[in-house]
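Take a look at this one chain, the form predicted alone, written out in structure tokens.
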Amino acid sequence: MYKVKVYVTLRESVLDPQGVAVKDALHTMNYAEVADVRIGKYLELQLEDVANVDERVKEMCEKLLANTVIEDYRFDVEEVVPS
């Protein structure tokens, strides 16, 4: 079994209005040291044993989990040993 952590973020070239709103709110709360905020998604997947885990997760990301036109993604795969 595998545990996969997927991180999806907007590309640097894409405006992030949610991030701007959070940064502005932090500034009004006297957190002036915050220079930038980018909002993203975090997903955890548990996969049964499958060949080519990296290839399968990449396929999932490109078909559903990330909009590859405006988002980048990365993932970490961890093999889970049953206890």
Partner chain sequence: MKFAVIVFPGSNCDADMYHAIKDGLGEEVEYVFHTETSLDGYDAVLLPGGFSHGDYLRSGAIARFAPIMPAVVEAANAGKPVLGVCNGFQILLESGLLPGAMKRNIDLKFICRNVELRVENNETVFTSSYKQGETVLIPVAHGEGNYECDDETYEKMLANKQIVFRYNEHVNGSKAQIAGIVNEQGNVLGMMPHPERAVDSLLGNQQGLALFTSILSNWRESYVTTS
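Positions refer to the first chain, counted from 1. Values in this document were obtained by computation on a predicted structure and should not be read as measured data.
Here the subject shifts to the form predicted together with its partner chain, a form of this protein not shown in this document.
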- Message: Contact with its partner chain in the model of the complex for D72, defined as at least one heavy atom pair within 4.5 Å: yes or no?
- Response: no
- Task: Evaluate L47 for contact with its partner chain in the model of the complex, applying a 4.5 angstroms cut-off between non-hydrogen atoms, and reply yes or no.
- Result: no
- Item | Residue contact check: H27 to its partner chain in the model of the complex, 4.5 Å heavy atom | no
- Does K41 make contact with its partner chain in the model of the complex, using a 4.5 Å heavy atom cut-off? yes
- Query: Within 5-37, which residues come within 4.5 Å of its partner chain in the model of the complex, counting heavy atoms only?
  - Reply: L10, V14, L15, P17, Q18, A21
